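The chain that follows stands alone, in the form predicted alone, written as structure tokens.
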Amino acid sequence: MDINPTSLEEEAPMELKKQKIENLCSQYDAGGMNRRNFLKKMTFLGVSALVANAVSLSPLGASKAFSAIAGPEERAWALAKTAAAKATKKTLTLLIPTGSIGNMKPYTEKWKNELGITLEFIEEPDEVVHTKGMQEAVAKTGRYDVMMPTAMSYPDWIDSGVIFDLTDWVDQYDPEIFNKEWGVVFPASHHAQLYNGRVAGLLNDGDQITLLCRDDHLKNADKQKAFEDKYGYPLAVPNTWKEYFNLAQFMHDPANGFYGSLEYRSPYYVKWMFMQRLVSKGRLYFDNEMNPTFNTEEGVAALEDMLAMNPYLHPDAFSFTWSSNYNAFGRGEGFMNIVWPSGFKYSKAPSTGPATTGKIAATVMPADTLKDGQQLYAGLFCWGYGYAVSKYSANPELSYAYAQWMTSPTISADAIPYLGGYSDPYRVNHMKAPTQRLIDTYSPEYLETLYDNMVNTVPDFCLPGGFEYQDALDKEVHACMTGAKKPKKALDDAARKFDRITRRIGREKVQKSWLALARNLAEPIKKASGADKW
């Protein structure tokens, strides 16, 4: 009788197998074997080629990396195996925003071959995903198992009963989203995953905005001299919004199709440009009683700063979508851009950034100078996709297992670099202990910039009625940018709309959620805004 060693391993108790893997990792870390033999033995012990490869290359070291992997990923996969075996429906259907599929496609074969589960993706434009979820709350069709909204959808989706509160699963299977070495970077760990302190979704996309500059122009000796002669300080990436304006003005060369910045002025995008500036002036969106605080002198100044920038923007700034913006910057049509990290990824890749590859310098979002002279750095964590589990799914446990597996420290590190999707780094290990593929995709310098920016980020309107608040603000800021309304009039009109939304939803309900968000802001932002005393 032939004995298949693989089958013997499969019969080995889980703990024994885990011990063997840990011993193997220790031996590899100590230099006791080469990488080829390590991969071969890991595969023999039942570790997937994907995981073995990631462990072998991890800067954490194989033992530490496997410890992380063996946690969130192993628990998720074990749950997926159990749930898949008893599932009567062998398809997992995912509602995802258009443009994100490239980060998920590489794993469809593994789920099909090893679990017998077909992954079906339903793509919808990102601006309608929230509406699709709310429609499912009424229709209850069970069409979706996993849904991929932004963090702003969680409050309304939880309250409408369309998605599960994930907290009990998180307690049982521990995705380690708060781990200091490989968890989601704070405060995004809280304001992009929690609703009133409960886990509503697992983040899979580090949507923050940073500032990109053309490094080749910064290093141009003639421009360096001319800039310093005109402004009295060296040419460099901007540290403040004032320096950002000076750079746009100096580099603006429309006669040659080269513009100062590609900052958005288009509907749906323009409110983020305002919110970013507002917070860096020390103002939040509401006070602790839910009164709007953006129609103040700081809000007016933010809009006036934006109006002053308009002459130095790309002519398509008023119609840009994220993709047309990325393409224009990649074609070399501007000096600066305010983008999500996927914009850096696209600009760095030769295929999508033919004019910018190897020529980008990035920095955290500029600071503003407060009345007391302090410079306040404030980033904006805007959008931020995550996985939520539909309450009408035929396989909710399998759906949760998918969410935890895809967002585990190593699978997420493998998924993010794929160019066909816009998922970006969000866990500490993505930035502080990146894999070689993450380094090749983003560069070590940009990963450090992402971490430094993310620790100061403020969330979107992740509140009940969040999309209504955001839409109201967006329309008024856009009206101001097009000249239809003066800054104060636009902000006062937005404030009146905010008050109506708050009254309709219920002040206490929104206030509870707002105070929970404010508690997790970075200390300098809390102090400047007064939220440290709430």
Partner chain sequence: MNNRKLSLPLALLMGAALIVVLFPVFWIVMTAIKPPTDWNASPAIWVPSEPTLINFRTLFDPEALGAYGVGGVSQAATKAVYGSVLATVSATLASVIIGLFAAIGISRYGNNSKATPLVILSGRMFPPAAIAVPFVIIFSNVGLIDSYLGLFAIYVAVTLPFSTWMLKSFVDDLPREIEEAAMIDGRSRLAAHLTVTIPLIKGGLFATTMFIFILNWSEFMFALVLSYSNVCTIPVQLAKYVTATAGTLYGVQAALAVFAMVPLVFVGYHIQSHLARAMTFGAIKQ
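Positions refer to the first chain, counted from 1. Owing to the predicted nature of the structure, the values given are computational and were not obtained by experimental measurement.
If you look for the form predicted together with its partner chain, you will not find it shown, but the lines that follow are about it.
Here is the short version: of 108, 160, 369, 141, the single residue with a heavy atom within 4.5 Å of its partner chain in the model of the complex is 141. The partner is absent here, but in the model of the complex a heavy atom of 123, alone among 181, 289, 123, 440, sits within 4.5 Å of its partner chain. Proximity to its partner chain in the model of the complex, taken as heavy atoms within 4.5 Å, picks out 346-354 from the listed stretches 346-354, 183-191, 379-387, 203-211. Using a 4.5 Å heavy atom cutoff, none of 196, 465 and 471 lies near its partner chain in the model of the complex. Heavy atoms of residue 236 never reach within 4.5 Å of its partner chain in the model of the complex, leaving it off the interface. For the chain shown alone, residue 282 is not a contact residue for its partner chain in the model of the complex, no non-hydrogen atom being within 4.5 angstroms. Heavy atoms of residue 299 never reach within 4.5 Å of its partner chain in the model of the complex, leaving it off the interface. Mapping the unseen interface onto this chain, residue 218 falls outside it, with no heavy atom inside 4.5 Å of its partner chain in the model of the complex. Contact annotation for 79-103: residues with any non-hydrogen atom within 4.5 angstroms of its partner chain in the model of the complex are 98, 99, 101, listed in sequence order.
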